[in-house]
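Taking the form predicted alone, here's one chain by itself in structure tokens.
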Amino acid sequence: MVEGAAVEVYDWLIVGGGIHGTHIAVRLLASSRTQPVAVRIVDPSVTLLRKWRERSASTKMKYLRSPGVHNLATDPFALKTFAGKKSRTKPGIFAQPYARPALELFNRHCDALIADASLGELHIMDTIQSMDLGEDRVQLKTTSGKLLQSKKVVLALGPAEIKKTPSWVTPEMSQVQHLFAAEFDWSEIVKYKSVAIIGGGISAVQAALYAESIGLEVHLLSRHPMRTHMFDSDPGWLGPKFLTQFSREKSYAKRRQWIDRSRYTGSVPPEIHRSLNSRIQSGRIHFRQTEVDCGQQEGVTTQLTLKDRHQIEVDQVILATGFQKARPGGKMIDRLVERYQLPVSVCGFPIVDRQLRWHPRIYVSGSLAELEIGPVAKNIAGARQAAERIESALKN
């Protein structure tokens, strides 16, 4: 930055260019047409939604788990309109029940929204390193040394980037990869003959079904039996059925307990469960409800000793074990909390108001908003709820 040069002050700066950040930007721009606002999105990826695309591609997802009304447009029925009048009769567009869109359709719709709102031009490819909260603006410093200023900031961060890795995995095990690792590549996996997939949730099962479809011998290992739920939490969390009582609860520790109990962690929708069962029964996928006791790489194969005393030998091990439960944002959020004494619960997550305001100039979405929005906070539905609440700040 040239010394003495004027620094542009934005109205809104969104930290994070994933599902949440993109939808919030669309919402803020659409709501301010009569009074244009300067919005920017800061994200280190080359394009917006990059991690969403990479991770959904890694799991070989065919259809979203969410209904089609949960999309990134302001109009919940925009995706259906985008698909066209004949979408109901065209196979592969929506899966029933709940008209869940094909991943390809959802991504095309996102591309159209990003283009229509010119979000690519508002994307600053960088990472926020620190924030200074002033009386009338926030100053943000990026890892590349840029200084940005904004009247309001939305922290729309994705999950904490701490992947769950079992204790038996050692750095020397080159044939053990996490499904969400940057280097994971199915075009390399297809070269092998056998694979073990560790995990019992939707990502693990979808990966197992794909691995079987390309001719691999598949071993699916889960520490728990298959859990079947249409969604990853009860639909009652989308409205007043549960949210009214949740909002009345003054203890944030109890809210955290409620959230943890209400999430259907490690579950799969019924039709995916049926597909898995048919392959287990036909012997095309070998399922064992157990954990790995230890693993050892021997040449080009990896031998796993299971806690049920069974042993298997495979060419590749895929960890579909997700991410650790942790507050996203790392040191940047740690410093913000410590320096400005921003309120947090015992679990370390923000205590915010109904508009998701953590500070007069800081708003949150995603995981950071779950003590206010509840179990759906991380989902597309949570992004829509967060955007609606943050949007109301435009009137203030």
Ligand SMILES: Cc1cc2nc3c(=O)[nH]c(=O)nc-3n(C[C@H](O)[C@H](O)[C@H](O)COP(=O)(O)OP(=O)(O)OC[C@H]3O[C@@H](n4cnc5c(N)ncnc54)[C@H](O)[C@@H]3O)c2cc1C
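Values in this document were obtained by computation on a predicted structure and should not be read as measured data. Start at 1 and count along the sequence shown; that's the residue number.
There is another form of the same protein, the form predicted together with the ligand; it is not shown, and what comes next is about it.
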*Among 166 to 174, 290 to 298, 249 to 257, 120 to 128, which stretch has residues with heavy atoms no more than 4.5 Å from the ligand in the predicted bound form?*
120 to 128
*Would the ligand be touched by all three of 16, 19 and 45 in the predicted bound form, meaning a heavy atom each within 4.5 Å?*
yes
*in the predicted bound form, which of the listed residues (345, 31, 56, 355) lies with a heavy atom within 4.5 Å of the ligand?*
56
_Going by heavy atom distances of 4.5 angstroms or less, which of 180, 94, 237, 210 would be at the interface with the ligand in the predicted bound form?_
180
*Find out whether any non-hydrogen atom of residue 52 is located within 4.5 angstroms of the ligand in the predicted bound form, and reply yes or no.*
yes
*Non-hydrogen atom contact residue 61 with the ligand in the predicted bound form at 4.5 angstroms*: yes
*Evaluate residue 380 for contact with the ligand in the predicted bound form, applying a 4.5 angstroms cut-off between non-hydrogen atoms, and reply yes or no.*
yes
*Flag residue 266 as yes or no: does it have a non-hydrogen atom within 4.5 angstroms of any non-hydrogen atom of the ligand in the predicted bound form?*
no
*Stretch 310 to 328 - residues with a heavy atom within 4.5 Å of the ligand in the predicted bound form*: none
